[in-house]
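Heads up, the chain below is alone and in the form predicted on its own; it's given as structure tokens.
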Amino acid sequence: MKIIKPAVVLLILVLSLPTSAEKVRIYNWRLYLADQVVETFEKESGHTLIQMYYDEEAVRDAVISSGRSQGFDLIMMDDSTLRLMDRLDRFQNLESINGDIEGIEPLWRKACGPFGVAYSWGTSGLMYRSSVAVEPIHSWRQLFEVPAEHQGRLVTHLDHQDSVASALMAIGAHPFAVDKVALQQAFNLLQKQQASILAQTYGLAYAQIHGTSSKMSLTYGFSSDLSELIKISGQDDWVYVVPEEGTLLWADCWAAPYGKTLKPATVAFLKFINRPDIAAMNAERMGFTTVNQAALALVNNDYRSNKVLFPSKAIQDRGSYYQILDPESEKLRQRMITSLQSQ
């Protein structure tokens, strides 16, 4: 048997690593990338992954608009804001990278467009604690005319897209209606909601801060939130529901700031995160719906049969994709939210 000396082993290990190890800085939602995925990427590539987090899209968008996005190599973007910002030359074209990545479902590849690499998709809805609820939550209206048992226990973020859309759906209007009468009614509901709010932030962020002492019992959320909310709160009675009036269908995409050099390590990470075995592990551990078709062949039965992550056709048919509105309509919605924040 040939004996390899320790010095030779060390040399082999060094030579197997990239000739120039790099740092990949990403700006991401909290709890949206499995620790094991990060560890495996760093071990296999020799690169280092550094994450910073945002809890609200408005905060992320302010960072991008201010030019501070140049501090990141990749930013997690929702598809609608990405499409809006690509008109402003905020992100660089990733078509060549997308061409090298197989397995992403065409619908979500199209949603993220040439400026994004699709990561996940899902629905928006309401999450509530069944042990607190007197009756099941079933309508967007209950987010604004809050049942007595959830008074002072509602946590929701204020956002010119999600908040206004959910209020519009509550009155039976299209979530991206531009009719001023409907928008006034939606604004009235948002005003009424304020008296019931425990905290004005993203529900998952609130739960991460307060853990098992969380008093939240009702929150706006996304299908990808449920498993993580149960885990970090220690409260296993959380239920996710798509309200009867409908839902918003979304896709999340990796995007690279315009003017930032696309490092080999960044490209390596995008390809790594879309490797079927890695995509499957990541989605299962973090409880979101993968866009990678090849990964679905590798996931366990519990994950694949999860109706929250894989809603029925009837639920999807009640869904609306995010839309880019004309500038005046966007400004009106932003003024609505600013007015509520100043109250």
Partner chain sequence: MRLLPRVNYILMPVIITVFTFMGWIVYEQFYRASQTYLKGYLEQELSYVQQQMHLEWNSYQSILNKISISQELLQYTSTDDSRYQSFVFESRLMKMLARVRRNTSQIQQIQLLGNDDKPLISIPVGNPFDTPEIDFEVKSFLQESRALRFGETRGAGKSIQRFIYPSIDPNTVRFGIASTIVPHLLSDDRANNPNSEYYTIFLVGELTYFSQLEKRIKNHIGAGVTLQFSVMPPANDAQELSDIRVVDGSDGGLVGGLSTELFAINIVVPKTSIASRLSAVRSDIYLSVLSVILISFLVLSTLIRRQIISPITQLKERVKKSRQQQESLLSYIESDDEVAELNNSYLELLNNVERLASRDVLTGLGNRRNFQNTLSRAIQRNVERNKNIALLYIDLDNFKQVNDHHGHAAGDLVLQEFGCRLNDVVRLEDVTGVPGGVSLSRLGGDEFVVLLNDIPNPDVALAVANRILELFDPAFEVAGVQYGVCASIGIAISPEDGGDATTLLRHADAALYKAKAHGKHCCEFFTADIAEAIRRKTLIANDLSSALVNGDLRLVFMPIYEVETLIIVGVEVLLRCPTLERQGIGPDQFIPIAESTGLIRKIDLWVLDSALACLKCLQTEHGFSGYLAINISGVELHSKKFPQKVDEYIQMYSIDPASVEIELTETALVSNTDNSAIILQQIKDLGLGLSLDDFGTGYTAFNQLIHYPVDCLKIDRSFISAIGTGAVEKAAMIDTIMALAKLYKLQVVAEGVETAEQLDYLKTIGCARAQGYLLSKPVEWERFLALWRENAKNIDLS
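Remember, it's a predicted structure, so these values are computed and weren't measured experimentally. Residue numbers count along the first chain shown, from 1.
If you look for the form predicted in complex with the partner chain, you will not find it shown, but the lines that follow are about it.
In the predicted complex, at least one heavy atom of Met85 sits within 4.5 Å of the partner chain. Put simply, Arg335 is close to the partner chain in the predicted complex: some heavy atom of it is within 4.5 Å. When the partner chain is considered in the predicted complex, Ser96 lies well away from it, no heavy atom lying within 4.5 Å. Put simply, Ala297 is far from the partner chain in the predicted complex: not one heavy atom of it is within 4.5 Å. Contact annotation: the partner chain lies within 4.5 Å of heavy atoms from the stretch 177 to 185 in the predicted complex, the single such stretch among 103 to 111, 246 to 254, 212 to 220, 177 to 185. This chain appears without its partner; in the predicted complex, the one residue of His160, Lys263, Arg141, Lys271 with a heavy atom within 4.5 Å of the partner chain is His160.
Interface residue among Ser66, Gln36, Ser312, Ser305 relative to the partner chain in the predicted complex, by the heavy atom within 4.5 Å criterion: Ser66. Shown without its partner, the chain has Ile324, Leu325, Pro327, Glu330, Lys331, Leu332 in segment 302 to 333 as residues with a non-hydrogen atom within 4.5 angstroms of the partner chain in the predicted complex.
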